[in-house]
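Here you get one chain, nothing else, as structure tokens; it is the form predicted on its own.
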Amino acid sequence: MKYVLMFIETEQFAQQLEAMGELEQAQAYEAVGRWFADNAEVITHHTHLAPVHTATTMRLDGAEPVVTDGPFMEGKEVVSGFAEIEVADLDQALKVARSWPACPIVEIRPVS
């Protein structure tokens, strides 16, 4: 079964990462690289998203589309990346997500 793990960054996490020294940041990024390597057999696709301020939103609920710069809504939590995994069931998806070493929130959603 396929699931998408959405890695959700909080303002607090972003501030902590920014406050880290160069060595500490490198170690944090290495931990993420190891996670991807350790789970390569179940990851079918993954990507890191550009910062939220680079987003463009299109609203299609009116007579004409309305395009605005920025995210759909301001929030303290933003999706910073995702990985698509193929595993036997939700329990295995939870096991993979539980070992994520970075953003403090992982949303797990089945692919339909």
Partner chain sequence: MTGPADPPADGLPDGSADGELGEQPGRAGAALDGDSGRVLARVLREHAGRLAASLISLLGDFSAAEDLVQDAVETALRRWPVEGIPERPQAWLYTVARRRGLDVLRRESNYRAKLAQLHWPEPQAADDRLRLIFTCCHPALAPQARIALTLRVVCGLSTGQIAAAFVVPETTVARRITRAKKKIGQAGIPYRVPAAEELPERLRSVLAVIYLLFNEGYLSSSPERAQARDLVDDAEWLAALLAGLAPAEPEVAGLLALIRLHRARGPARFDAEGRLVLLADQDRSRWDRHAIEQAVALLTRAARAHRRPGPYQLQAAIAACHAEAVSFEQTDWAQILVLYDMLAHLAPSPVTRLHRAIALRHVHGAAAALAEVDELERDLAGYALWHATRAELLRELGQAERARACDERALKLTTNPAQQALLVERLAWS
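Keep in mind the model is a prediction, meaning the values are calculated, not measured. Residue numbers count along the first chain shown, from 1.
The same protein has a further form, the form predicted together with its partner chain, not shown here; the description that follows concerns it.
At the 4.5 Å threshold, heavy atoms of F7 stay clear of its partner chain in the predicted bound form, well away from it.
The closest heavy atom approach of M1 to its partner chain in the predicted bound form falls within 4.5 Å.
Not displayed here, its partner chain is approached by D89 to within 4.5 Å at the level of heavy atoms in the predicted bound form. Using a 4.5 angstroms threshold between heavy atoms, L94 counts as touching its partner chain in the predicted bound form.
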